[in-house]
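One chain comes next, on its own, written as structure tokens: the form predicted alone.
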Amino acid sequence: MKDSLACEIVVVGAGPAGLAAACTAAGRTRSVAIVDGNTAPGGQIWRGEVRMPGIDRARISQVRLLSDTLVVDCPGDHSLLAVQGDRAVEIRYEKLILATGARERFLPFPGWTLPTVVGTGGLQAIVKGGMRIAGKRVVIAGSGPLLLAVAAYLCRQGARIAMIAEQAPRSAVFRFARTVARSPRKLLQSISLMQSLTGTPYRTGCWPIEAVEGAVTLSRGGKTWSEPCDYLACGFGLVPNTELAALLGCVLQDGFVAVDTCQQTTQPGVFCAGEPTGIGGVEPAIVEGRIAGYCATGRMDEAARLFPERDRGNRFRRALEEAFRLRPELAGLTGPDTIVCRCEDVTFARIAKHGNWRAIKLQTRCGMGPCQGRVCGPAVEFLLGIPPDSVRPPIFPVPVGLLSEDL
């Protein structure tokens, strides 16, 4: 038998957007619950941190939090199916707010599956989890402001940052810097970040082409060299987590969840906020979460006061996307024998024979491992222009016992 829970408003995701939405809705409706797969609220941004700027912590106590709980299906109207440990939980709602965040984008290159090559945010999470990084030499490569944020965090933990390699050209990074300079808050944050990285080499138009144990080969301006390191932290921007939205029937546009001015999706009563609607960081996510919380509880006038701030956030998102657009050279790093699907050990040569995602899955098992295509799917889309074409439940791996009894 499944456990059951009924709430007027259910929020999926306890990152900045989800917490903002839940706290805004709390006290203005009968019951609010947050469902999240992590052990504590905060998401990837505030993992393990006490301070969560912009969140009314007093209201969190009014919200029911279901931690270590993964939503895997939506079996009926106003109903979600979640897994909490070895139990299945049916969650019924009147209004639903999706704040499912984003994940790192990985691009295959020779050596990217080595144990010393990890995601940028992944290395930060491992260190926050207790791994000692002091004295270790780290190269950080990929694209986007996350590289700088992680580098600064690792420096505070005693790591030696050998280099930050940003694939975007210098001109694009400078244009983005001018956009940041127009916001006093972001400018102060950037100045503080750069001060903490004084003396750390930052190279634009630079990217990894091969990793071996103890070193990474980097390319810049037609020249290549080997950079010694204990760890290579590598991430090429973020990919929105839109699987649950797609399963609910919400329309996606350019890979993001389409929403109206109230943050409502094309499914009535289903709202979406944060990175699934556009990659922009903490501040736009919080604003969208608050708008969704207001609108889900019928407070349209209060939501409307936040529209100008959301518009500024959307302009920042567009500038971010334009500045750190992936260069086409990155698609040429993968050789025939380079593994693209790590879960099933599928090489690029095997994938390249097929012209659509269905054929790739059927013929190679790419996308059918534990990550359910979350890593290889965006990589295949970038390399071959073939996006994943369907989402099927369960969207996360589920214990066989629950499949046989409850699903």
Partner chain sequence: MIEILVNGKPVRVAFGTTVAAAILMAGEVVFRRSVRGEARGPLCGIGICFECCVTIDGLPNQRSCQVPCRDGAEVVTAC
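Everything quoted here is computed from the prediction, not taken from an experiment. Positions refer to the first chain, counted from 1.
Same protein, other form: the form predicted together with its partner chain, not shown, and the subject of what follows.
- Contact annotation: of the candidates L70, M52, L66, V63, the single residue with a non-hydrogen atom within 4.5 angstroms of its partner chain in the predicted complex is L70.
- Look at 124 to 132, 154 to 162, 290 to 298, 200 to 208: in the predicted complex, residues with non-hydrogen atoms within 4.5 angstroms of its partner chain sit in 124 to 132.
- Not displayed here, its partner chain is approached by R47 to within 4.5 Å at the level of heavy atoms in the predicted complex.
- Looking at P397, you'd find a heavy atom of it within 4.5 angstroms of its partner chain in the predicted complex.
- In the predicted complex, V375 approaches its partner chain with a heavy atom inside 4.5 Å.
- Under a 4.5 angstroms non-hydrogen atom cutoff, its partner chain in the predicted complex lacks T266 among its neighbouring residues.
- Within 4.5 angstroms of its partner chain in the predicted complex, the stretch 334 to 358 places a non-hydrogen atom from each of D337, I339, R342, C343, E344, D345, T347, taken in sequence order.
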